[in-house]
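Consider the single chain below, provided in structure tokens and representing the form predicted alone.
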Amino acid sequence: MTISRSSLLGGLAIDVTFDAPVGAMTWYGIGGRADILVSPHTDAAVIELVSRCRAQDVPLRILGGGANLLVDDSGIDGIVVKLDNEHFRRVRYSAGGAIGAAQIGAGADLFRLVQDTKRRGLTGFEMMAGIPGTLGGAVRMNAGGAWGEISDRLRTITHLSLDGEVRHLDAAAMGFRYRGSDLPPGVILECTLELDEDDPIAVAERVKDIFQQKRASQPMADQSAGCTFRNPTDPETGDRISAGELIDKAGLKGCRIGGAIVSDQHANFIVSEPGASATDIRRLINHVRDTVADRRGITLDPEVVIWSRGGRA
């Protein structure tokens, strides 16, 4: 694809990197490069960039913390937008006069938010302890786990549609569910969370307990993208069942392709060793999915997002 850089990027309040090592910015730390990486300074810059990309039919992707992302070895075309400017990482507590309300930019780091709310004695965000990434990415996938999901505390979303329209959406009307929602395609700019006041020591203890339980059961020190697959629905009961348990029972713990390995600690984590390629990871994802389908009759859906050249994921 030939992109007119001047007509696409000219005159915008942005930082631009050409041939950017986006794969290295993910938690896997592997994969190819992006033709163009853009870091906007303002909402207006994002709005105009989205409009130009649409007008010129240029693929546009949003890079959060790279926590559940794999970039293909061939790299990716189009525009990658990273909301890492201070403008998109701002956090304002007592939004609208409410003590427990927080307006938070989509680029805010989840680890820092957990620590900040803990210090302030605000409860409701502990369920995100140990989950990497940014707020926007967490909202897009409704991140969470055994202790709750981000949508439990999400109240409003400032959303930029691919048509260039900014709307303030009521989270309760967005159909949030396990790892999904009816949130339309586009760019999340900001969110409002509802938090409650509590004893800072009690909040800190809950955060500590969640961290300890995750550290005991998940390979948090290894390079991975978190859980590889979504927990599927049992075809007989309709209940969610553990993807990790299905993979374990299929005898796949420790299975290796190149530098990619199914974790011995938690089978729903595929970790990478030095020298691994994105192709290794993709091949192992496919092998695990095919093996579980053959042995259990259940097809696992990847939770890891894969970006590739020519794709618009």
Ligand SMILES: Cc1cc2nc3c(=O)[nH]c(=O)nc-3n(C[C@H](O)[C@H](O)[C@H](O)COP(=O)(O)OP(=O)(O)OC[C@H]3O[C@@H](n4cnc5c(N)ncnc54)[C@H](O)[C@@H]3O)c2cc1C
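One-based numbering along the sequence shown. The shown structure was predicted, so the numbers you read here are calculated from the model rather than taken from an experiment.
Heads up, the form predicted together with the ligand isn't pictured, but that's what we're talking about next.
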query	finding
One residue of I36, I257, C53, A67 in contact with the ligand, assessed in the predicted complex (non-hydrogen atom, 4.5 angstroms)	A67
Proximity to the ligand in the predicted complex, single hit among L122, A106, I76, A243 (heavy atom within 4.5 Å)	A106
Interface stretch in the predicted complex with the ligand - options 199 to 207, 165 to 173, 114 to 122, 223 to 231, non-hydrogen atom within 4.5 Å	223 to 231
Candidate site G251, I281 and V292: all three near the ligand in the predicted complex by heavy atom within 4.5 Å	no
Contact test in the predicted complex: R89 vs the ligand, heavy atoms, 4.5 Å	no
Contact of I131 with the ligand in the predicted complex (heavy atom, 4.5 Å)	yes
R215: touches the ligand in the predicted complex, heavy atom cutoff 4.5 angstroms	no
4.5 Å heavy atom contact, I62 and the ligand in the predicted complex	yes
Partner contacts in the predicted complex for 143 to 161 (non-hydrogen atom within 4.5 angstroms of the ligand)	A143, G144
